[in-house]
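In the block that follows, a single chain appears as structure tokens, in the form predicted on its own.
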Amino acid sequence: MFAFNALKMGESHVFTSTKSLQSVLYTEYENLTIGFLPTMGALHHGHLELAKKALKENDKVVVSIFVNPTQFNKTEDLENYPRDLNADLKLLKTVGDVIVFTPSVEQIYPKDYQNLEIELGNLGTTMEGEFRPGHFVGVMNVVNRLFEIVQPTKAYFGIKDVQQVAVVQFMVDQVKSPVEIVACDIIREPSGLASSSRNYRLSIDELDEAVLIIETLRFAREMAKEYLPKETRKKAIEFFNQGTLKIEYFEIVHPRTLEFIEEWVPGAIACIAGYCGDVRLLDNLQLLPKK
């Protein structure tokens, strides 16, 4: 039933090559809706919630597990990224009947691959774009390539990486892709810490210390009731700097354009990146309700 390079593990069908995956997607599932969850593995319950949502909204779901080298601007980050395919597959078995795609770099970027080049403007130069040069070029290329392979109906992204979601949506609009981007709420640990694959690298003590990130965002939400964005940002940074983590940036931005704001707008978002030990963590929080 399954093409070469396809393995069956529990309820998950695992494909390692583009050809084998497409042979099934384009024949057996040709007229079905396909939900797609692109991941770099090190799956956690946040990913599982996205997969569950995708399963509810589509006939079939594809989950890719691929550590994309082109979106790392530091070699040590790529080398240290957690990888445990067996653990990932066991987690996915708990969700339901999903198709898993675990390609090699050569499958994603064959010799004749043409690099996608899109000018991102402000989206590519602020926050993550400023501190991780080249990151979004890698994100756009791998997501676009995966979309070409899978041809999903909908693709699911968590808004913990809110700027990444905006970049992917911009890319989809620019290349006129039919894929619907579904932005999903941040899944948090009981402590409030945003669920992340990078959390696996934190010690027990660091997991406690990292809660400062969400505490700072919540502090900013309270300050937003009394102060303009500039003063709110200043007070939030001062609050953060009382802890043990190292801040990289804290910005208050427009919810759609992600441009820095001087006056409050409905749905304004605070975005933060900081280091807990050697681990870089991201988070964001809506400070004002949307209309």
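Note that residue numbering begins at 1 and tracks the sequence as displayed. All of these numbers come straight from a predicted model, not from anything done at the bench.
One more form of this protein should be noted, the form predicted together with a small molecule, which is absent from this view; the next part is about it.
F101 within 4.5 Å of the small molecule in the model of the complex, heavy atoms: F101: no, not in contact with the small molecule in the model of the complex.
Touches the small molecule in the model of the complex: I108 (any heavy atom, 4.5 Å): It does not: once the small molecule is placed as it appears in the model of the complex, I108 has no heavy atom within 4.5 Å of it.
Proximity of Q169 to the small molecule in the model of the complex, heavy atoms at 4.5 Å: Q169: no contact with the small molecule in the model of the complex.
Exercise: P229 in contact with the small molecule in the model of the complex, heavy atom 4.5 Å: P229: no, not in contact with the small molecule in the model of the complex.
Site test, T39, L50 and Q164 vs the small molecule in the model of the complex, non-hydrogen atom cutoff 4.5 Å: Every listed residue reaches the small molecule in the model of the complex, so yes.
Residue (of I186, I149, I181, V95) lying close to the small molecule in the model of the complex, criterion heavy atoms within 4.5 Å: Going through each option in turn, the one that passes is I186.
The single option of T153, T126, S195, S177 touching the small molecule in the model of the complex, heavy atom within 4.5 Å: If I apply the 4.5 Å criterion carefully, the residue I get is S195.
Proximity to the small molecule in the model of the complex (heavy atom, within 4.5 Å), stretch among 187-195, 82-90, 207-215, 126-134: Careful reading of the contacts points to 187-195.
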